[in-house]
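Here are two versions of the same chain, shown separately as structure tokens and labelled structure 1 and structure 2.
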Structure 1
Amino acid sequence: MFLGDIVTEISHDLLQIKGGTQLLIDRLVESIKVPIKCNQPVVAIKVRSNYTEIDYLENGQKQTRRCDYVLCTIPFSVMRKMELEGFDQRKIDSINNTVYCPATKVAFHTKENFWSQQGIKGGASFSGAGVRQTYYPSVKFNPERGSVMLASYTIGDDADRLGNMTEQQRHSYVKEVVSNVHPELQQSGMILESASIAWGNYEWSAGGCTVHWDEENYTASYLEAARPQNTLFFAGEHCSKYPAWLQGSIESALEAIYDIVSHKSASILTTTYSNSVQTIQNRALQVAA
């Protein structure tokens, strides 16, 4: 998997959306014809025999909604802290045991793209001391507004270490380490702003991505993660054989939608069939009478 990821990352298969990744979300939103409600966190999921009940907060008040079908894309690292009812034990084990790997990014908004004077027009550098990868923008910025460098991108143990620092400590630490490669960062006014995120501590993901490995072995844990519970279906990178890629989450969502549609037509067929059997039985009873 490691080799697979590296091959993807350096191949022509890795695409960038012109105009920014937000466009993907905007186009998906355009195609959904019902209102999308944000800031209403789900706090409980209850699986019933032929429907699913969802408890969520609206302006801090708990509301309950009964749904024929639910496609849940909430990461398991978040779900394992919720109230869950009606799930079988194997599914609960999968929710509790799916392994998540932390990640952090620290970005600097700089007065200028001083690295271009060294012939750097994109790509990355690697530093030690747990700061790892520094990425340079491959697009041009308006020089009046300065530039941006992704000073540090870490995953795994390094991300945990940076994640445990306060934001201020994290920014200063990364500045010190990357200054060994780029002393310009120490010039007064060179860094206009710093921003960072530690996905391991982020409330709505509680991790960067899933890993299909336990201590030693590869586990196809995504198959169990994707297994539905009655009318509750699952999708997301954790349900895909391509974890940590948008492609994986999209493909798993398409598979789940196919499963919902098949389930729905099967239920309609079963209902129609049992209605027909009932009609025939009634007719038979009438004839017999």
Structure 2
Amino acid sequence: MFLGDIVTEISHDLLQIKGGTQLLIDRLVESIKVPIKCNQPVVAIKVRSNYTEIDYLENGQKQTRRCDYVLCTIPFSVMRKMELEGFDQRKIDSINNTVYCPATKVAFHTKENFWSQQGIKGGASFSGAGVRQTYYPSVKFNPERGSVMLASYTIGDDADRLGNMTEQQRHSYVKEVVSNVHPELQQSGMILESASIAWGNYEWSAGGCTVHWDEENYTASYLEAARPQNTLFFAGEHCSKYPAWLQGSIESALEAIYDIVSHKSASILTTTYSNSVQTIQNRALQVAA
């Protein structure tokens, strides 16, 4: 599985959104015709027989909202810290036992894309010493604004080691290691800016991604993660056979939406059928009378 991920990561078939992934988010926001509320952390999810209650904080005050349907994309690493009611034991076990792996990224804004002079156009290289993969952009940048390289993308123990450093230590360490492959980084003024994030230490993810290393339970683990609780449905990379990939998140979201629509249609059909049966029974009683 790890080898398969590496092959995918360095493949020329890897797709990127021209202009950046933010464009996907912007397009989704445009399609939603109701207000989107941010900075309102959810603190409790309560599953009822035919609706779901959400407790959240608004300006520090707890509010409760009753919803016919909920699509939850909160990572289980965060959910397990919340108050949960009405979940069956299998689901609680899935939330508590899903394994999350730390991930750390370090990016350099460079004065120029010096790697192109070596014939590098996209793809990745490996520097070792805990830095793991270095990724190169496959799109062109404005020469006046320089370029960007993902100098280090680590998962697992290496990510923890980098994540436990201060930002300055992290950036300096990655620069030194990657310079063994690209000595141009040591040139004065070559690195204009540095940025990094340690997802394992980030409050709203508490990890970089899920890992399904156990092949015997591989399918069961993500299917169980995606299994709904009455009208509470789940989506995200942890609910997908492609963990850690945006592709997996998108596919799981589409499947969850299909399940919600099917559930809603079935509920309407059941209600209509019940009403029809009741009407027939009432008419039968009237005829009998």
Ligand SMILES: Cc1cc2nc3c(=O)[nH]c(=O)nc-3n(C[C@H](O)[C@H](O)[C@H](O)COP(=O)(O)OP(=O)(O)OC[C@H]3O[C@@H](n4cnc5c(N)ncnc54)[C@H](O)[C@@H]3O)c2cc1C
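Keep in mind the model is a prediction, meaning the values are calculated, not measured. Structure 1 provides the reference sequence; residues are numbered from 1 along it. C-alpha atoms forming the largest set that superposes within 1.5 Å between two forms make up the rigid core.
Peer 1: Of structures 1 and 2, select the one representing the form predicted on its own.
Peer 2: Pick structure 2 here.
Peer 1: Can you tell me which of Val131, Pro102, Ser147, Phe234 is located at the hinge, considering how the rigid parts move between structures 1 and 2?
Peer 2: Only one option sits at the hinge, namely Pro102.
Peer 1: State in degrees the rotation separating the positions of the smaller rigid part between structures 1 and 2, with the larger part superposed on its C-alpha atoms.
Peer 2: Turning angle of the smaller rigid part: 13 degrees.
Peer 1: Could you check how much the CA of Val139 shifts between structures 1 and 2 after a rigid core fit, in angstrom?
Peer 2: Superposing on the rigid core gives a C-alpha shift of 4.7 Å for Val139.
Peer 1: If the core is used for the superposition, what shift in Å does the C-alpha of Ala195 show between structures 1 and 2?
Peer 2: Once the two forms are fitted on their core, the shift reads 2.5 Å.
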